[in-house]
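Below sits a lone chain in structure tokens, taken as the form predicted alone.
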């Protein structure tokens, strides 16, 4: 299947072939089209978006994957680059409450968008002093200001990065970056309150890591959500995919769906093109938006691979139940977290046992709270997720059955409702299916894990150092997973091309 749009830019003779129509592949195609490239995108699935897609079950609609939207300016930037008004394609609103947190003892916390209001809420509900919460915010903001521009917006494999003014600013402040403590150790020192620490520790899961192993520099993440803000796109997260796909087509990008790349054609250490369904297609540049491990093991079998990177421990995965719930829950919001009673043990099971803890932390995303069309009247669409280990050959059918029972039991304890009595439709996404649908190694959501202090330096570069004209973008390479970082990955990658 091919989808082709009219070009809005003057085309040159330069061509680019992109493997994968995930959000980074879409963003890269837009950036290269704006540079004058004739771009072809090959997607193995029948739809664009990769993990950022949707599921429909009768009258219920679900965003299939990523559900939190931060740094919307990175989406807007693509439309402005193309000379378009972002609001003509894509709209969103800032959330007044980014998340609601539920604890087993009945404590319920609203994460207000205003930091001072959130600090007061935490003080009222947990007893932690507001000044300690604000100190944690200031720490997260300082990390973002020192490291955001360096690690998120630039290639770490370029000497210009390390000789830039922002790098020298970072060098002068190395003592403030907390490389040698874990997130948990830092948050305990900052907050000194068990519930508040658990809440701030949760941000390690945003890149599939453990707060007990990941470096405290990852405390940069809370500022993105609770400082800069969390947002909801009109129509749900899938509208990001739809708007970028529309823009790319208008710029003349060609999309080929159900077209699986079989090989990256390399000769004399130079990428020449792609083998697609037995046919050779030649390009001036090849960009892989596929998982980095799968790219080497499936598409570059004859080429030397960076084994050290390929063999790094992988991030966690997810088990998601998409439930159509024929009941409304006024106490729930768009984003809801039901915390485990033993967070450390939950992460130990995920990363050391390769197992699912019997008391998992549950995330429930209900887009019908903001987009009523996603569920029938009087009903809600529950995207119900827990963090689980990546696929290591476990007995997933047994693990899924046990997890479902434990999730429903926990929800009943906290909400007082037998949720299972109201489930009228269900589908499941597990690490095996994630691996199959997205080619993510072991179904890991974020590629390599960040469970060591060198993790930021152990991500694959956006440009191959061994094969000329071969580039990479997406969540498994620099700067990491999640929508904003994937968009920035595409920006870094496109910046390498003339």
Ligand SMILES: Cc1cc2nc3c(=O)[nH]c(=O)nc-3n(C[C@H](O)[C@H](O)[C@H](O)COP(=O)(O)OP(=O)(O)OC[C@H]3O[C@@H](n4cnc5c(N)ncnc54)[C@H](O)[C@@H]3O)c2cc1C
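Quantities reported herein were computed from a predicted structural model and do not represent experimental measurements. Numbering follows the first chain given and starts at 1.
Quick note: we don't show the form predicted together with the named molecule, though the next part is all about it.
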Fill in the blank from the handout: The listed residue (259, 250, 284, 254) that reaches within 4.5 Å of the named molecule in the predicted bound form by any heavy atom is 259
Problem - Contact flag, residue 432 vs the named molecule in the predicted bound form, heavy atom cut 4.5 Å - result: no
Practice task
Find out whether any non-hydrogen atom of residue 315 is located within 4.5 angstroms of the named molecule in the predicted bound form, and reply yes or no.
Solution key: no
Practice task
Give a yes or no for residue 40: in the predicted bound form, does one of its heavy atoms lie within 4.5 Å of a heavy atom belonging to the named molecule?
Solution key: no
Handout entry: Distance check, residue 459 to the named molecule in the predicted bound form, heavy atom within 4.5 Å
Key = no
Problem - Stretch in contact, per heavy atom within 4.5 angstroms of the named molecule in the predicted bound form, of 260-268, 93-101, 306-314, 73-81 - result: 260-268
Fill in the blank from the handout: Residues in 462-491 that come within 4.5 Å of the named molecule in the predicted bound form by at least one heavy atom, in order, are 474, 475, 481, 482, 483, 484, 486
